[in-house]
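For reference, the chain that follows is the form predicted alone, supplied as structure tokens.
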Amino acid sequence: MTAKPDKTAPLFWLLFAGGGTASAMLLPAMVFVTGVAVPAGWVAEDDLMALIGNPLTRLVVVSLVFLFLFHWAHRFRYALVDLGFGGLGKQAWLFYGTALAGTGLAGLAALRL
């Protein structure tokens, strides 16, 4: 008897790839703007707050946080499997649940801005 193929695997790998691409391309720019450009005075804090005040920008930022966290969860899960720490199913809920909880916290923080 053969096992049925996992039909959700492509979705998880798509989110993993999207998170990796987004973190490689956009995270350095976000860190530069918020960590260097604003403190150095190259970008006015009021301008950054006006940008973040837009609901569409908040949605994009929360979506990016989801992709970043999902990428971490998927990579960490498979790294533990490669190191020999149990089967895939045992810790999947923990990592993906942490990614969803972090996204929820980012969403709440975005609402409070």
Partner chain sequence: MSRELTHPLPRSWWLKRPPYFRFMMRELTSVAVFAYTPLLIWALWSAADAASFSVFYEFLRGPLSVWLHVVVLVLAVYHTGTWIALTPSVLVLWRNDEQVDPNLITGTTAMLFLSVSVGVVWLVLV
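Please read all numbers here as calculations on a predicted model, not as lab measurements. Positions refer to the first chain, counted from 1.
Keep in mind the form predicted together with its partner chain is missing from the figure; the text below concerns it.
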Within 4.5 Å of its partner chain in the model of the complex, do Ser23, Pro28 and Val33 each have at least one heavy atom? yes
Although the partner isn't part of this model, could you tell me whether Ala17 comes within 4.5 Å of its partner chain in the model of the complex, counting any heavy atom of the residue? yes
Leu105 within 4.5 Å of its partner chain in the model of the complex, heavy atoms: yes
Partner contacts in the model of the complex for 35 to 57 (non-hydrogen atom within 4.5 angstroms of its partner chain): Gly35, Ala37, Val38, Pro39, Gly41, Trp42, Val43, Ala44, Glu45, Leu48, Met49, Leu51, Ile52, Gly53
